[in-house]
Structure formats: C-alpha cells, structure tokens
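What follows is a single chain, given as structure tokens, in the form predicted alone.
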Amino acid sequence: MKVAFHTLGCKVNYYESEALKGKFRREGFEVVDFEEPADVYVINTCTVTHLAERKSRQIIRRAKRRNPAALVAVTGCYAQVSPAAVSSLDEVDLVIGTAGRLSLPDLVKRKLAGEGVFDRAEAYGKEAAFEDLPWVPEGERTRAFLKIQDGCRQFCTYCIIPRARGPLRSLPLQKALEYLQEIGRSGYKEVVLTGIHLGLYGVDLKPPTDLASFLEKAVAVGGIERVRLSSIEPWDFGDKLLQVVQENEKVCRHLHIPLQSGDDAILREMGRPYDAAYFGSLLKKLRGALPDLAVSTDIMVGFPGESEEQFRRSFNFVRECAFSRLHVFKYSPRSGTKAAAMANQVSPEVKERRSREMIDLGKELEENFQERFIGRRLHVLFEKVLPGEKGVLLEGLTTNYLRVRAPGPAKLRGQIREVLIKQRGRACIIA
C-alpha cells in the first residue's frame, strides 16, 4: 500500500509528519511523494489562521481528486480544533487530532478492511502526556528536526494553539539525549530543536529542568556540529540561556523571537507580557553578547482596534529593531479566543494594505542584513545541489540563517565549508 503526506504549518508539524512516515514504513506501507497516486493520503493540517484552514481543505480535495478511491486521513491542529467541520467534508475518511497519532497506521488498516473506525480528536486533559513520536532519519536531509516540547499555557488573546496542542509537555531528558546521539551517529551536521513553547522545555518534568540546561548537554553530543533553536518567546530568554548560547559556538547565531506588535497598548490587548521597551532592551543585550546575530520575528497587523497610528508605531519599531527577516501575519479571528469577540475589528482591506507595507519592510531589512556580510568569509552547511549556468551550484545556510549559493562539487552536500561572500542575489547571497 502506498501512502503520501502533505504537511501545513510549523516546524513541529513537519517533524511529526516525518515521524509518522517512519511509523507507516514500519507497518509495511511505501511512502511516496504527494504528487504521486497513492492508496492513502495523510494531511497534517494547521489552524493558526483562516487561510491555513482553507489551504488544508484545498489539499484534502486535491488528494481525493488524484485518486477518488484513496483513503484520506486528516490529522493536526485543524483536525483537533474543528473535528466536526473536517469530518463533514465529503473527501475525508478518517480524522485524528494532535494526540494518539502513533495509532494512525492501525486505524488506516482497519478502515481499509471495512471496519467502522471512529474519529479521534478528544480535548486534552490536565494530565496529558508527551506523545513520543520517535525520531527517524529523514532521507537525504542534512538538518534533523527534534521535537522536545509540546503544548502552551500562555493563552494570547488571538491564539487557538493552546486548544489545539493542550498543556505543557516535555520529552524526557534521557530520551531526548538518546535521539540526539542517534542524529549524530546518522551523519546530520545540524539539529533544530522544536516545540510549541520551546522556552518552557522541562518545567513539567520530574525533576524539573530548563532549556538552558538541556542545551548545555545537547552541544556535547558527538557528531552534531550545530544546534539551532526554532523559536523563543521574549520573556523566556533569561541570562542563563544567553550564557549557554554565548559560551557555545555550536549554538546557531540565529534566534526567532516573536514580537507580534511594536505598540504597547496592542501588546496588552494581545495578552503579551512585555512592552516594546523590554523587547528593545533584550535585542540590545543579545546583540552585544552575540556578534553577527540574526534575529527574525513574527509580526501581526490588523489586530482588533489597531489604529493607523498604532500600526505606524509598530511599523517604525520593527524598522528600528533591524530584524533579519519578518514573518508577517494578518490577524485572523479564531472562534473561542478573546480577540474574536473584541469590538473594532479591522477591515480586510486595511489588513491587506498594512500587510503589504510590512512585507515590503521585511524585504528591505533582510537585504540590509545580507549586505553586512558581502566580502566576508562564512561557514555554510550545504543542503541542496542545484543546476547552474556553468555547472553545479550548492545551496545552504550559515549559522545565522543566511541562504548562500556557491559553485562546487555535489559531494560537498551535507558538509560545512567556509566560503567568501561576493554579492547579494534575489533570495540569497552568492559566494
């Protein structure tokens, strides 16, 4: 039986899909590309915005069109938050939320055998356990992802993720280290640590630990040359974590720290526990300790009640922060969140205009950051081999998440090499 996957959303979702692929293989399935005909299609969905949900539905319909006789199984955050809406789609045969997914191959087999299998998307209880989806080698990838944390307790007023992911849960320390050792033995040069609220890794373990302590152990694992943090909330980046990053060159010099807004009143309405001054001082401290640090961020436009003056204040603060990259989101009402019931919802036209402005600013800031490194030598982990005008091009990332293309032999794929940066390209810099 052939099974194909399509994944939407964050790095956590992508990690979980890779783990599920491994589980299906162990159960006797052949995993094929999503664009190929398959007997089973698994759609790992996202619910962070209305757009993400719409894309999920489009992919579900595309899978069924590709093979009308195929079984379509839907999992992930959209399936968890809105199981009735997902199961009501004509194309959907099986729904499972964000828990108990290791049973998915068995449920698929039973469904294919004609059994009446019930959908599974139960609400999380307070005692929910971390679902250990085992790490498996990810084909030809050169970076490995490892999910060590799940769940969130922040309940920002715009966010549905606590409902989709449940309470804080952490992968036990020893198991996490075992996976890292396996990653190192498998030849991966870089590992990306992921989680829904990564900065709170370990607070639920017995005995409790923290991300800084885990990071100290992670960098000591043999074979791994880089450890990258996927996303850290601004209030979680304390002195201990900064010290560990500063003292260990293996920790990548790129941090994704969500800002969401540069206006203090909007931040309060969002339920974000900091103001712009705090965020600015954090950036100053980080950049003082970590030369050439890249800081990317999430920024939201059109939050309920956001005036033109507040948007402009946020826009100007983002410019002052000189981020290396922006992920821009238009506010999307999520049923069941406080913000969805707020007055003064911003019109779609205004949100679209503000989004375009912020995206353009992001491109400008990214180009400014790239320019700083022209004429310098940087270490690049080459991940892709691309056709070039005069032979092969290698593409990869620096420790501070600059995308680099350079001529060179294909055998350097998966290796870290020093290159001289010569110019800036369209979506990368050129060596």
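Just count from 1 along the sequence shown to find any residue number. These figures come from a predicted structure and were not determined experimentally.
Omitted here: the form predicted in complex with a small molecule. The next part is about that form.
Choose from 176 to 184, 77 to 85, 142 to 150, 295 to 303 the stretch whose residues reach within 4.5 Å of the small molecule in the predicted complex, heavy atoms counted. Going through the listed ranges, the match is 295 to 303.
Give a yes/no on whether Cys159 approaches the small molecule to within 4.5 Å in the predicted complex, heavy atoms considered. Yes, Cys159 lies within 4.5 Å of the small molecule in the predicted complex.
How about Phe329: is it within 4.5 Å of the small molecule in the predicted complex, going by heavy atoms? Close contact exists here: in the predicted complex, Phe329 approaches the small molecule to within 4.5 Å, heavy atoms only.
Taking heavy atoms only, is Arg334 within 4.5 angstroms of the small molecule in the predicted complex? Contact with the small molecule, yes.
Please determine whether Gln260 contacts the small molecule in the predicted complex, using a 4.5 Å cut-off between heavy atoms. Because a heavy atom of Gln260 falls inside 4.5 Å of the small molecule in the predicted complex, the answer is yes.
So which of Val31, Ile59, Val48, Val392 gets a non-hydrogen atom within 4.5 Å of the small molecule in the predicted complex? The option sitting close enough to the partner is Val48.
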